[in-house]
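Here you get one chain, nothing else, as structure tokens; it is the form predicted alone.
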């Protein structure tokens, strides 16, 4: 079909496509459109496709923000990926940096600076991108009272990087010390248009929320926000100024629009996909739906790309100090004693069957996880770590050695501590089928060693606020996407970081082993030798495995269902999975929706 259309002129192709649409269920118009002319500053890619069309993509709910610097959860991160751009880009296949807004760069031999030559390109509103926008973005990240998503990663031993302007389109990023991940970290920072933020005193994360008019939002990504219907969908339109072209010099992206459909009801999502109203489901595709689509006859495509960078993990609240709102501790004293005991945590890890989660929750489309770093992150994953295989007997031995025992109550065996207090706790997780099923398996497995677990489910934003802010919980079950480089793990692992899940925002490390992790994390960021850096981060993983402040459970596979109309799809195991090369995706003309 594609070769045939290459031989036709635009008008003829349009008429044939139009006829094909009326002959099949639904009208699918895909007239080839001439894109705006490219400029010498654009990046030419070895790709080809057809222009036009709207791609519908399913998200399991609404994002929290349209602000790239405030995006923490995947829904917001996806919008940021589609509408913004970074100085360098990450090749999700090789996990190495590539040119981005910077067309070239030079790293100093001592690792203390990176010089970048910027492209002379435009934001989606037509305003010019210059060095000033780079300076503005970094200044807002470092604003004193800001709690944006990037600040911790860009503080090197507590000190910010400096931006030296060498010209309108040339900057030098200067690090306070040699910085091993200098190029990688530049693949993570979305650049904002400084002229769009006249109120310089306002914290950056307070701007561009879901109620902001799309006309006020501009970016350098392949798409721009066109319309937002709260709780329903967001329409993204093609950025006519986007700075990438195909092999023929035609300005990308190929798609006219992307419609992000917010569908928390997975049954409704499946109905819409099977009726041809959705082109792609990846993040929100249920394992059982993947198997249904795979086995059912119809004009659908499914694929499993392998283990993802997404980790499902479990942890106990080890927060110390006093809750300023209640005047009491975040966790009752007896629970603090349980949760802060590494033997207790190891016993829990032994008592949970990861294989059961893989088979009964993910239908085999996941892998047991033994480390914070998934196998998909090839440069940093290691298999040389302690594994807490499912072993109820070993779990009991560990608990018995640290003073726990069992007693019978109402015909059930209950675990009690040395003071005779029965072990019970609440487990909070988000409102999601997969999390609910995983929590139920944890509940059943821990009951076998006498623990009582009560499950509480909350909407994602409320859950994040509870875990990171109020800290009113006992234990939590969540899934997170692990960044590709350890330099970007400081939000999770530094004891002072706000996302240090089990005890965030510590004024000083609460334990010797957390102090050791702090030392290793700070050291690995400034060591330039790759082998030494790997050794340091491997030790971080070893400490985590021994102390088990977080209990890794599974890495789910990247499974995707899509319409055969979607072309140039090359699914990655790194977020954003099916849309990582969204500028190359196109809809093939004349292919009908599924029946």
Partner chain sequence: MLQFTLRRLFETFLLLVLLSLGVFALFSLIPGDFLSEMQLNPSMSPGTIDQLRQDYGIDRPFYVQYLLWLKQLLSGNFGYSFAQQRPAFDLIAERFSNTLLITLLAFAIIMLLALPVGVYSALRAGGWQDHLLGALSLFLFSVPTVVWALLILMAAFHGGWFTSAFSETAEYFLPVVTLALPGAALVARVLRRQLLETLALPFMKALAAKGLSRRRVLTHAVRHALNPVISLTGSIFAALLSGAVVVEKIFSWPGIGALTVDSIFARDLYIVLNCVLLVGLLTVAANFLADVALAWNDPRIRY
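Every value quoted in this text rests on a predicted model; they were computed, and no experiment measured them. Positions refer to the first chain, counted from 1.
Omitted from view is the form predicted in complex with its partner chain, to which the following refers.
Undergrad: Looking at 64, 543, 527, 45, which has any heavy atom no more than 4.5 Å from its partner chain in the model of the complex?
TA: Residue within 4.5 Å of the partner: 64.
Undergrad: Please identify the residue among 516, 233, 128, 117 with any heavy atom within 4.5 Å of its partner chain in the model of the complex.
TA: Contact check passes for 233.
Undergrad: In the model of the complex, which of 170 to 178, 201 to 209, 249 to 257, 377 to 385 comes within 4.5 Å of its partner chain (heavy atoms)?
TA: Going through the listed ranges, the match is 201 to 209.
Undergrad: I'd like to know if residue 147 sits close to its partner chain in the model of the complex, meaning any non-hydrogen atom pair within 4.5 angstroms.
TA: Yes, residue 147 lies within 4.5 Å of its partner chain in the model of the complex.
Undergrad: Tell me, yes or no, whether residue 272 is in contact with its partner chain in the model of the complex, where a contact means a heavy atom of each within 4.5 Å.
TA: Judged by the heavy-atom cut-off of 4.5 Å, residue 272 is in contact with its partner chain in the model of the complex.
Undergrad: How about residue 464 - does it come within 4.5 Å of its partner chain in the model of the complex, if we only consider non-hydrogen atoms?
TA: So residue 464 counts as contacting its partner chain.
Undergrad: Could you tell me if residue 307 has a non-hydrogen atom within 4.5 Å of its partner chain in the model of the complex?
TA: No - in the model of the complex, heavy atoms of residue 307 and its partner chain never come within 4.5 Å of each other.
Undergrad: With its partner chain taken in the model of the complex, which residues across 484 to 504 come within 4.5 angstroms through any non-hydrogen atom?
TA: Going through 484 to 504 in order - heavy atoms within 4.5 Å of its partner chain in the model of the complex - the hits are 488, 491, 492, 498, 499.
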